[in-house]
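So this first bit is one chain, no partners, the form predicted on its own, shown in structure tokens.
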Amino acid sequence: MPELPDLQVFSRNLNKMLSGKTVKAITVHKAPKLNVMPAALQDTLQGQKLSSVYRDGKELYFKFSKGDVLALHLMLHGKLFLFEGKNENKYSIIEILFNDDTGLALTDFQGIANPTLNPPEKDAPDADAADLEYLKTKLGKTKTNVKTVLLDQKIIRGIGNAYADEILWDARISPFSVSNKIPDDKVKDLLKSIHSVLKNAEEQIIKSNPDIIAGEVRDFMLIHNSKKKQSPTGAEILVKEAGRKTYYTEEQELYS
């Protein structure tokens, strides 16, 4: 699933490619969780100019000239494709055709990528905007393991499985640590790692794939990387499978 750094790069590229274009038509192919009828989506967005594309949590937000927002959640396998004239992409969920006959299609072979018109505002901050007091408060209120907290989009938005592992290794905190047992100085380290790991990842993605709007770039990852057996400091990378894979090392302190 694309996470905050991926989506940050996607949004920047899509904004450069598409902003200023006017919607000619919206076609919904398969979107069972769409919060309005397809005709209402078409009526709302047709004729509006795309003002900007930006990331919000794990979603891409397309903001239009009248203030309406179309949010796209790619889920696990959603991908975005540009097209000209006719959308030939398989497994299309939704497509936006602009007046110049260029368009954008969201596809997903699982059929679960989800568009939402004018999504409600979220209470939880984005991971790159969370501050120390907020993180201390949230961790201090739960006995849940810290990785689960980082993945909870109702607490902090944008982090997924892969980057949670990278962040926790960088902070040298075991993913299995009890959240309210982590001392304040390590929470400070954790926040620093959240910001630095996500920012570095964004830079790495841009460097290797400057025009990317779909997919995941993971080859630069230090810990959550099936091709690597050791951390940069020489420790064995361990993998625990429990629904999702957790990559970690014994360098990370367990707080319990």
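Since we're looking at a predicted model, the values are computed, not measured. All residue numbers are counted from 1 along the displayed sequence.
Here the subject shifts to the form predicted together with the DNA, a form of this protein not shown in this document.
**Student:** Only one of Gln153, Asn118, Thr137, Asn99 comes within 4.5 Å of the DNA in the predicted complex by heavy atoms, so just point that one out.
**Tutor:** The residue from Gln153, Asn118, Thr137, Asn99 that makes the contact is Gln153.
**Student:** Exactly one residue in Ile112, Leu80, Ala130, Ala71 has a non-hydrogen atom within 4.5 Å of the DNA in the predicted complex; which is it?
**Tutor:** So the residue touching the DNA in the predicted complex, by this definition, is Ile112.
**Student:** How about Asn35 - does it come within 4.5 Å of the DNA in the predicted complex, if we only consider non-hydrogen atoms?
**Tutor:** Contact check for Asn35: no, nothing within 4.5 Å of the DNA in the predicted complex.
**Student:** Wondering, does Asn145 line up within 4.5 Å of the DNA in the predicted complex on heavy atoms?
**Tutor:** Judged by the heavy-atom cut-off of 4.5 Å, Asn145 is in contact with the DNA in the predicted complex.
**Student:** Is Tyr247 part of the interface with the DNA in the predicted complex - any heavy atom within 4.5 Å?
**Tutor:** It does: once the DNA is placed as it appears in the predicted complex, Tyr247 has a heavy atom within 4.5 Å of it.
**Student:** Does the DNA get within 4.5 angstroms of any non-hydrogen atom of Ser226 in the predicted complex?
**Tutor:** Ser226 belongs to the contact set for the DNA.
**Student:** Work out which of the listed stretches, 197 to 205, 45 to 53, 61 to 69, 217 to 225, brings a heavy atom within 4.5 angstroms of the DNA in the predicted complex.
**Tutor:** In the other structure, the partner sits against 217 to 225.
**Student:** Please tell me whether the candidate spot formed by Met75, Lys90 and Asn161 is one where all three residues come within 4.5 Å of the DNA in the predicted complex (heavy atoms).
**Tutor:** Yes: Met75, Lys90 and Asn161 each sit within 4.5 Å of the DNA in the predicted complex.
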